Ligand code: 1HN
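Only one chain is shown below, in structure tokens, and it's the form predicted on its own.
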Amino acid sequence: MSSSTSNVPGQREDFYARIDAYNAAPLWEVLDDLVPAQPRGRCIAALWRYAQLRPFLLESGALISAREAQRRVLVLENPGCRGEARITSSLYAGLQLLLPGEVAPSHRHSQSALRFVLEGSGAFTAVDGERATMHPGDMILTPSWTWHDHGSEVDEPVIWLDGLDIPLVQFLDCGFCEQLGEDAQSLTRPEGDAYARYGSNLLPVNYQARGLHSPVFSYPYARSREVLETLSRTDAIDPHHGVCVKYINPTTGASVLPTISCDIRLLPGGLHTRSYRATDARVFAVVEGHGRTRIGEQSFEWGPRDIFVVPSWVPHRHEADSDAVLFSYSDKVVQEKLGLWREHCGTD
């Protein structure tokens, strides 16, 4: 076929239709989308104001019980991916409510999860036989295929941010879930046992890893905040991240979960960070303080308990009006393992 003939649009469309019958398609029609010059996913910048969502979350408590729902959660859907239960292309986020006296029944699943407590104290999460009491700012892990349940014996609602790798596991078609059949699992260890064994730069002499996740599943905010405060007095403030530390598996130094990276940062009042972008889309939850984050051409004002997302490879910068603490999570650990993660630190 001559070059002039091959360029006739009608002949191309006829060709595409004929190969379509054999479940084939022309790469040259989609190559720019499949191999773009830079990331251009459907995840877009967005912010969820806690004050606006909290009334709806409490209203849901009158509509369905935690036991009936299994997990009473409002999913935070990225505006660019509505109907897909994802806040980024690979991660899920939701606000979960537990009312006084309620139990969220015990189950386990192949998806890895973190719980970041936003409001209320005294409820608990039990993970593989050990309880952790919840306080605002605490991060609690429920790693892949670990039994976990939640309960409340306090007289106030407790609300936390759920972060899971549901979209990633869904993409890989490797999701499993199992119900224990009871509201609560049997407790086999006292509260604080995991931290005593693994969280003090000490390990039992016969320690053997039982997975790729951290054996410590509760990271109290009181300890994290103390670390941030100490480093803010002794270290130079990073111009792109403020005072930022990552949550780690204390036995390996790796990420706390094999699919989710977590960190927490202090932005001293008045700090305007420099422009920064990376290939991991990142979910932020505000713990303390007020300020704004400029994401691309948009600016998002935030305060305590607000949640926002920065898409992949979009420049952003934080501006703190007062001392602020931001928790965040992303799929950075996955990208690093695959040799795909990239960052760019701006000078402005």
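Each residue number is its position in the shown sequence, starting from 1. Please read all numbers here as calculations on a predicted model, not as lab measurements.
Below, we turn to the form predicted together with this ligand, even though it does not appear here.
Although the partner is absent here, D162 is a contact residue: one of its heavy atoms lies within 4.5 angstroms of this ligand in the predicted complex. When this ligand is considered in the predicted complex, L228 lies well away from it, no heavy atom lying within 4.5 Å. Using a 4.5 angstroms threshold between heavy atoms, Q96 counts as touching this ligand in the predicted complex. Contact check for F116: every heavy atom lies farther than 4.5 Å from this ligand in the predicted complex. In plain terms, the part of the chain that comes close to this ligand in the predicted complex, with a heavy atom within 4.5 Å, is 163-171 out of 163-171, 220-228, 239-247, 182-190. The candidate spot formed by R131, Y195 and H213 is out of contact with this ligand in the predicted complex: none of the three has a heavy atom within 4.5 Å. Using a 4.5 Å cut-off on any heavy atom, the residues of 90-120 that reach this ligand in the predicted complex are, in sequence order, Y92, Q96, H107, H109, R115.
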